[in-house]
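Here you get one chain, nothing else, as structure tokens; it is the form predicted alone.
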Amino acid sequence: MRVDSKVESDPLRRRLRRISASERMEEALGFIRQFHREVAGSRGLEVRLKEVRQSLRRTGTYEHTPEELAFGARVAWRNHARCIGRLHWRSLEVIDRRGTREPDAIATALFEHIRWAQGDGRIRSAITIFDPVSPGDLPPFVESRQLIQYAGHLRPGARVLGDPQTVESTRHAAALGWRPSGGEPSRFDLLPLLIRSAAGQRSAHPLPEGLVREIHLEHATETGLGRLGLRWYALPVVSGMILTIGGLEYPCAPFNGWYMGTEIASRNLADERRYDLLPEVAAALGLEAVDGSLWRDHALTALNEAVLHSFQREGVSIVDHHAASEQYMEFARTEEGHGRTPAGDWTWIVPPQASSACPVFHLDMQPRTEVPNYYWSRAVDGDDLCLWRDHEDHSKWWFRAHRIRHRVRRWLRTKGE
């Protein structure tokens, strides 16, 4: 596949968190203490703290052990306030691919991730972690927001055939020689992986034929919906987020869980800025799209029913929004039982369908921004992240000063831009 010459822009550096050497040291030592507190016990703690301090002072970075890396990735999932499915955070399979730097080798490793996580349909949560950022070195990373995405083909009149969210990625892929496997563009063309090398070159890596499992969407009773030819892929693998553990940033760390039905039906297929299919679905159901008829509600329900029915028919893991809400409630109770305050962003946790009928709708949530964590970019959510240190024995005034210090640091960074 064709490779771009070096791209002069530096999109990764613009997305990374801005933290000082002292903040990096603080986060690193805090994470090591947390690892020993929750996993390894006190034995060897002081020796490890000394190693990390010396390495950071000498080189500006340090290296996580495989055990620390696995723990950090799982705790980052536990801490992420926007995820409803954190009940099973301990079961995350961590695949350590540090040292793999060639784009072709990265793509091969990610194809293996997809194959393993899909399994026989019983999807397994996994993350594959590549090199972290180090002083003077930006490692390779995946530019695609997800490993599996459908193309968005821009047509005359600013119309989009496919997914409007991926128009830019589709343009880049086409510039690198990619063409839809069927020849002619369609609404559901699988995009290649877009990987940017350490040298700044972008390359496209087509997904192997037969690798991605796609689910053709049909309704159990409404046959008209099945004639629309809709489908969606079985495995959501997020690749556009940066993993931060103990002051180190891992920009290439794709991870997956499994779908909640509303993610596909109520958002990906129904949002006006995405596939915007509600008018088509309503027509297929014989609904008249008039004000006051609640036709959108009926179409949304039918589309959700079709997604759940189709995934279950194929034996592929999926959860409905009511079950996911109950699982989140159990997660919150478990966290509180361990003396931890669960992070929760209400606008992300509450499902878009039948919201007030889900128990999470009525739950008070704290959108905590604790590290380790995952973030999109410093402008969106990265600069809010910090070490909370709730477990430490300090007065409320100490914790208040700690929060104020973080806000001042953030303000100074913003002012210096």
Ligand code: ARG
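Note that residue numbering follows the sequence shown and begins at 1. The shown structure was predicted, so the numbers you read here are calculated from the model rather than taken from an experiment.
Omitted from view is the form predicted in complex with the named molecule, to which the following refers.
Asker: Is it true that Y233, V238 and M260 each have at least one non-hydrogen atom within 4.5 Å of the named molecule in the predicted complex?
Answerer: Yes.
Asker: Let me know the one among N304, S169, N268, S310 whose heavy atoms come within 4.5 Å of the named molecule in the predicted complex, would you?
Answerer: Filtering the options by heavy-atom distance leaves N268.
Asker: Within 4.5 Å, heavy atoms only, which of S203, Q146, Q118, N79 is in contact with the named molecule in the predicted complex?
Answerer: In short, Q146.
Asker: Would you mind picking out the stretch of 285 to 293, 223 to 231, 193 to 201, 260 to 268 that comes within 4.5 angstroms of the named molecule in the predicted complex, counting non-hydrogen atoms?
Answerer: Heavy atoms within 4.5 Å of the named molecule in the predicted complex occur in 260 to 268.
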